[in-house]
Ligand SMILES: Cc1ncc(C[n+]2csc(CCOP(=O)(O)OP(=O)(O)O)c2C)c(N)n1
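In the form predicted alone, a lone chain appears below as structure tokens.
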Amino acid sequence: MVLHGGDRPDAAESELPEGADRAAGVPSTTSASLASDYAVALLAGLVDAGVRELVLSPGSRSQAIALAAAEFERAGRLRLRVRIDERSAGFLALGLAVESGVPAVVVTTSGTAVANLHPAVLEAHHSGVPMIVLTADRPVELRGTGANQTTQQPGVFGVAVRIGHDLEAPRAGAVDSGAVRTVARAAVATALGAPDADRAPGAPSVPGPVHLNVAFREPLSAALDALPAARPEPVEVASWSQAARAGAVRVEVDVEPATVVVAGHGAGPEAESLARGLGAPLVAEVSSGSHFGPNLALGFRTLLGEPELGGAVRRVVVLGHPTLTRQVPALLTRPGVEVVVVRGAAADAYDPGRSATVVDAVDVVDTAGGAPDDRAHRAWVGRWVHAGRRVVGDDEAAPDLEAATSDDGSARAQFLRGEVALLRRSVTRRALAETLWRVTWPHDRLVLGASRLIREVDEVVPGKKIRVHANRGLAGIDGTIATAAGIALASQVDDGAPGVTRVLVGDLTLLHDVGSLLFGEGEVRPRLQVVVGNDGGGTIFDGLEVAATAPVDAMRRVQFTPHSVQLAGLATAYGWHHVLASTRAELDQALARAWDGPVLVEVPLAR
């Protein structure tokens, strides 16, 4: 794909400013600050390579980049997002990149500001999300001297970045914009996992974060006369699955059906196609991108423990990163089970038993004794599919539709009373999961926080081909609101885009990222519905084995961590709408309403 990230004018060579050196790429601006000249050249290179989104948090040492970014936005060549908190900024950039597939740039000043990006960088690393971290620093002569806001920034992210560059601050003379442009283009290519010729030397071929640490000397900024002409040369890179085809390995259809395809987070639609190709049941987590199709087996936690189903499995093909069950890793480490792992964009192949055959891609090959559509394979898949439907079942009796249209007025009245009573019921976790799933369509986005609720969704919702995301690289609760805001902003760039982004979180997940509710003056406020299942603490810990033996007061204080935050007041403080959805009717109304700004939908849940 060619990564344009938006419309930018193509500049003919004749449009370069007078005096510009077309061969060497000498900058078209000459300000009173080398820092500003360098910042302009670097941003121009990134934008020309395909970057379209930049997120920054304010700071003194990074002012040249910030002011240059504002000029690029004014020229229509960049979309600028400003956040006061660096951790929110990092996860916002992550969400923008998740949705667009193009690396977003996140900019900070020096010192602790850089460290605040670490959670987002780790998530991007483990999930294979492209990101460019651009941090301002003190020049080398001030490092190690106790200078204010100065620490060891080069290498601060360790192995979590694909490559790190400590870029020397300009000392004198003109900035070599040709050299800066080369650095910028290589950073974009490396973040995308582009071919070897484009990436920085020594960088791996999987997408992920890149760190550019730029040391600036005073004067830290100056007025900008003009921006260099656009010279679009976006990085071209095939998708990971396309690039991996060259190394595909043959996987034969079983003669006696005994294969299961497991799709973890980020597996993509390839897992669903592979399951059909192998004539195998599909065990797909809700954020896999493959939770749909005729082979989808619901209720797989239970099915994997049944001797005639999970016990009969002899081969598992894994795509993506499974994180939501204990049953999957137990299956993959069971003696006698062959495990084939298809390596994806994540940093590590999922191999809990350290015994899997790890491949870049697979080609399905029919054997002489078996085909995916023969009677044996249809029966094998059918047993899983039908058993899964029985396991999931329904937590309520089906409505009596005959009574709804009966000639007997009393029967119709009884039916209507039952329907009204149902709408007045309080919302259960299952009802919350099913309602969100039901109201979400392909033009919408659904983001699931790391809480008890994502497991509820994963366990009960039927197959549906919609865009679902969760930060499952490290499965932390960090930055969920910021990530969802990034996904919403990127998916709603076109004003005509009808979609809504909904994020389902527990109350602790919301409170952990409460600062990301802040949209500053002049910042775009997306169509975002944050649905909070509020049970007053971390009920996910109630499922730990230790909960049965530990002192109740200790578990309550150090694991459940109760709180008494009034979410309505919190929403008001940040300028959000708030609605309390205590019943199913109120929940339906809140989710269906067209809000004129972001809304916090609070759903009380029993512990």
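Since the model is a prediction, treat every value here as computed from it, not as a measurement. Numbering starts at 1 and runs along the sequence shown.
What comes next is about the form predicted in complex with the ligand, which is not displayed.
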Of the listed stretches (530-538, 165-173, 295-303, 462-470), which one has a non-hydrogen atom within 4.5 Å of the ligand in the model of the complex?
530-538
Check residue 506 for me: does it contact the ligand in the model of the complex (non-hydrogen atoms, 4.5 angstroms)?
yes
Against the ligand in the model of the complex, would residue 123 count as a contact residue? Criterion: heavy atoms within 4.5 Å.
no
Contact test in the model of the complex: residue 231 vs the ligand, heavy atoms, 4.5 Å
no
Considering only heavy atoms, tell me if residue 153 and the ligand come within 4.5 Å of each other in the model of the complex.
no
In the model of the complex, the residue from 277, 329, 476, 101 with a non-hydrogen atom within 4.5 Å of the ligand is 476
Can you pick the one in 452, 334, 343, 118 that has a heavy atom within 4.5 Å of the ligand in the model of the complex?
452
Can you list, in sequence order, the residues from 69-87 that come within 4.5 Å of the ligand in the model of the complex, counting heavy atoms only?
none
